[in-house]
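Encoded as C-alpha cells, the following chain is the form predicted alone, with no partner shown.
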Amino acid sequence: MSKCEQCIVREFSSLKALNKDELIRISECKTSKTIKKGENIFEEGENVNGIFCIKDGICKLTKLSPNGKDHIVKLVTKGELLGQRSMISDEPANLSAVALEDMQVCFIPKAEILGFFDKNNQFSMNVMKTICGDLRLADDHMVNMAQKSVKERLAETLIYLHETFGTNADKTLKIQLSRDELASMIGTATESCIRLLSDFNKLGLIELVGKKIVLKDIPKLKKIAD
C-alpha cells in the first residue's frame, strides 16, 4: 500500500483537506487490508472505531429488514470513506458493508481522525458535507420508493449503474449484480425483477447476456425512469 500523502484516491474524499504532516501521521497508524469478494468490511451493529478508506474495489451498504432480508442502501467505490457517521455519532454501524469484488481498504483509527476535527476546519467541513450529501440521497431514495413504480425504479437503477461504474469492453455493465441484489436495490421481489428484465429485453431496451446486462436504448430507459 502507498503512503497516504502519495495516494491519489484521497483526493476524492474528505481526506483531501489534510496537509502533508497530517497525512504522514495517518500513514503511520493506518492498517491496510485486502477484502475478498463476499466478505464483510464491517457488520450492522458493530463498533467500527474508525473509518475505512476504499483504495480499490466496490462494496454494497446493506440494511437488514425485519423479515430478515438485506436491502441495498448504496454502492460505494474507490476514493470514498466508510464509517464517518458512526464515528461522529459514537454509535454502532447502522449498515453492513460487503465487498462486491476484491477490495483494497485502509483502516484509520477513530482517535486519530477525531484529532483532526479540532485542528483542521476544512476537514471537518468536508466530513459534514459528505454526511449531508448521504442524507440528501437517502431522502431522494425514500421519495422514489414511495412515488415511482418498480419499472421506473429498475430503469433508473440500470442508468445509475451505467453512468456511475461504466461498461466492459463487450458493453455489458461493469458492475455485475445478482438478480437478488438488483431486486434489493429497487425494492421488489426477485421474481418481479427477473420478469421486468425479461420485458425490457423483449422491448429492445436491454440485452441479457447470461447474468450480464447491456443497455441497448439508454434514451428510452431514461424516459421510463423520469
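Just so we're clear, the structure is a prediction, and the values are computed from it rather than from any experiment. So that there is no doubt, residue numbering starts at 1 and follows the sequence shown.
Omitted here: the form predicted together with the DNA. The next part is about that form.
Comment: 179-187 is the region of 154-162, 55-63, 41-49, 179-187 lying near the DNA in the model of the complex, near meaning a non-hydrogen atom within 4.5 Å.
Though the partner is left out of this view, Ser149 does reach within 4.5 Å of the DNA in the model of the complex, counting heavy atoms only.
The shortest heavy atom separation between Leu203 and the DNA in the model of the complex exceeds 4.5 Å. Interface membership of Lys211, defined by any non-hydrogen atom within 4.5 Å of the DNA in the model of the complex, is confirmed. Put simply, Cys29 is far from the DNA in the model of the complex: not one heavy atom of it is within 4.5 Å. Of the candidates Lys36, Lys33, Lys174, Lys69, Lys69 is the one whose heavy atoms come within 4.5 Å of the DNA in the model of the complex; the others do not.
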